[in-house]
Each structure stands twice: as C-alpha cells, then as structure tokens.
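Taking the form predicted alone, here's one chain by itself in structure tokens.
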C-alpha cells in the first residue's frame, strides 16, 4: 500500500503502565515494534486505579457518552506520548479507581471491559481517525471486534476497518457478560456451530466476528482446534480454521540482557560464557545450597498452578533421587513461584525431603528470578498447555538450557536435543511425572558432556526472539487481512 496502515490496538494491560501477565508484555512491546515497521499504531488502555496512582503526565483528549440501558455513561479520554506512539487511557465509572486490574467479581470485570471495549471503538470516531485495523486482545476487548462488525453495516466511518483478534489464553472467555449485551445495545451471536452457552460471551463473539484470528504461537493455533485445548469451541474454531494463524511473541532484548542485568553477580555474553560460573555460585549462596561446582542446577520460575504443571515436580524429583545411576547424578534445584496454596505446600515439603538439594521460594521476586536465569543450568517448564511462554526465551538468552513440555510455544521455540543438530534444549511429551523425569535424565546426562552443553547454551543464546521479527509478521498479517477484506467486506 502507498500509505502506512493505521492500527487501533486495544489491551487490558501493557508495560510499563500496568502488567499482570503475559498480555502486558505483548501489549507493551508489540505496538512500539509495529511503529518501527511503519505501522501507524495507537495503543488504548483502561485508566486503571494502579495507573492513576503513578502520576503520569496525562493530557485530556475528549469526553463523550456511551449508551447503557436507558441512560448513558460518561467516557473521559486522556493520552500521553510513549516509545514513539500515542497511548490513550479511557476512564469512566465502570473502571473503578479502587478495583484491581482483574478482580474476583466476574460481573464487575465484565462491565468494566465491555465499557472499555465499546468506548475504545467509539474513540476512533471522536478523534476522526479511521483505523484500517482494529487489533483486540483476549476476552477483555473482544466485544470491540463484535461491535465493529455490526457497525460496518450501518456506519460509513468503519466500513473499511478490518479486525484482528489476538488469543493469548483461550479458556478465559469472559464469563459474566451475558446481561451486558442488551444493556449496551448488542445482540447475541448466532452460528450453527457456536455453542448456545457461548453466544453471549465476549471471546466467542469476537472469534465469530473477527476477520482474522491470531494465536500467540503456530502450535497453539493448531492446538485450539482440538477438543483437548479448544475450551468447548474446537468445532466452531475448526470451521474458522482458514482465518486462524499463529505468530510467536517476542522478547524485549534490552530488558533481558545478561550483559547489562544489574541483578546478576557478574555480567556476561556468549563470548564470555565462562563468567557465568560466578552467578551459579552466587545463586547457590543466595538460597543456601552447598557450593558444588559440578552440580547441575535446575530452576523453575513459574506460577504454582495446575496449568503450569508444577504438581508434576515432586514425584519426578523423587524418581530422580531413587535412580540407580552410576555415577549418580549430582543435581540441585531452586523453585520460585506463588499461587495455589496446596501446590505451594507440596513444593515446600521438597526442602525437607531433599535438604541439601532443593530450595523453594513462594513469592514474586524479580531479582531472584533473574539470578535463576543467570545462574541455573536448566530451566524446567512442565506446562500442560503454554500458548507461547517467555520463560524459555529468557532462559536461552541467559544461557540457561530449557526443558519443557512439547506444547504450544514451547514446541515452537525449543529444538529438542535428540531431534536436531540445531538443538537448543529438551522436550518431553506427556504431562506426567514419568515423562518429566525422562526429560530430566536426558538433560542431566548431556550436562556431563561439557562441550555439548556449551554448544547447547550458545545455540540458545543465538536465537532471534526479537519483537522486530514478530512485528514483521504482524505487518504482513495486517496487509493480508486488508487485501482479503477489500474483496469481501462482509468478513467472517
């Protein structure tokens, strides 16, 4: 095209303003990367209470009203310039200044994000800025995609705006939103393959209306078409398979750089990898493990929950300790994470079972997580499903070899040691302690071969996980969807 594409990018969170999960990483990194490839992108966020408290230099942009039931809700919009792009913040009574970004009340969250989604779409009209692409993310902003499709039939302003819906975690559909559709003037979705129970939920409605659906890894894009990963929508998603693709998330290479990371005892690069030894010893001392130069240090930095497979670890470590291996494996383990109380308690119990080998820290600790990346030999990621995942990318950048389950983005980013000469880590197939144990054994055996291990580290550190790579793929996706949309404005 002869001009830059214009993209309105909606998200519930984005670094550096607010980050709760992986969406915050994506929404904070992808829009600036899109600017670098000549996409005119505007980022729109809710003005959460946690953002208000930061005292940002926000400028008032406009005020308008949004119909709700038989009355109206006042919308106030503020902005600032950041990383080369304009960021808009939407405020209104549904976005309570005292509420967390994601609350335990599905009704309150549903109202907040329905209001935000529709207000963000309306903002484009108020600015007289016609987007070529509406890029929404997850259930929180999916109603903007659904509303756009209805508007295109009656409003010339949006007649040529195509939509892209990013899926970062399919199981979160937006429960609690059923009563809000009518209140905001929207009708339930209708499709023969769309289950009745989903016809008023934001994410299924967004999937129904989107011109293109993009999952955060190629493997996850395929997995959501199956009953195991499809959250009850697999048959409907298969009907839309031609519109679904997968693009790997990227990594902020400046933020994650062992050569400049202040949390490390000694900085290093692929050219000074031997300096990593100081970080190993510092990690051992920090958590109170014996300083064993030859021990393979395994690390885990993850939420303590079922999805992340943390419950597989105790039985796998017990199996590892019972091996009749000669010579015996010399290993240690540092576990960092918080979440499910029962899984936390079982993880802490490992310290008493393996007092000279295991240390468990059940809190959120940025400094210690970076010490693990910079000092451990292996990072273990036993997720039952992982749409993309950053842990393995960060670990490889730090020369920490990943051992992950063969699912989603882990499968797309870790090249298995037994399968290719370009290997960067280890994969195991089943979400079972026995399969995880098998992966541990392969990793520990390989660790004994110092030359092979160093080659694994160097190949991992050489991988291109930059957001610029991802942005190039999104730019192509945007161009493709615009070409398709121009041929078929009715869309999906």
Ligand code: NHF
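Worth saying up front: this structure is predicted, and the values here are computed from it rather than measured. Residue numbers count along the first chain shown, from 1.
Just so you know, the form predicted together with the ligand exists too; it's not on screen, but the next bit is about it.
> I'd like to check something about residue 224: if you look in the predicted complex, is any of its heavy atoms closer than or equal to 4.5 Å to a heavy atom of the ligand?
The answer is no: residue 224 has no heavy atom within 4.5 Å of the ligand.
> Using 4.5 Å between non-hydrogen atoms, is residue 276 touching the ligand in the predicted complex?
Residue 276: no contact with the ligand in the predicted complex.
> Is there a heavy atom of residue 307 lying 4.5 Å or less from a heavy atom of the ligand in the predicted complex?
Although the ligand is absent here, residue 307 would touch it in the predicted complex, with heavy atoms inside 4.5 Å.
> Would residue 204 show up as a contact with the ligand in the predicted complex if we use heavy atoms at 4.5 Å?
Output for residue 204 is no: heavy atoms all beyond 4.5 Å of the ligand.
> Of these, 382, 246, 387, 174, which has a heavy atom no more than 4.5 Å from the ligand in the predicted complex?
Result of the distance check: 387.
> Give me the residue from 456, 41, 26, 443 that has a heavy atom within 4.5 Å of the ligand in the predicted complex.
When the ligand is considered in the predicted complex, the option within 4.5 Å is 26.
> Have a look at 230-238, 165-173, 369-377, 107-115 and name the one stretch with heavy atoms inside 4.5 Å of the ligand in the predicted complex.
Heavy atoms within 4.5 Å of the ligand in the predicted complex occur in 165-173.
> Going through 196-226, which residues have a heavy atom within 4.5 Å of the ligand in the predicted complex? Please give them in sequence order.
Read in sequence order, the lone residue that approaches the ligand (within 4.5 Å, in the predicted complex) is 216.
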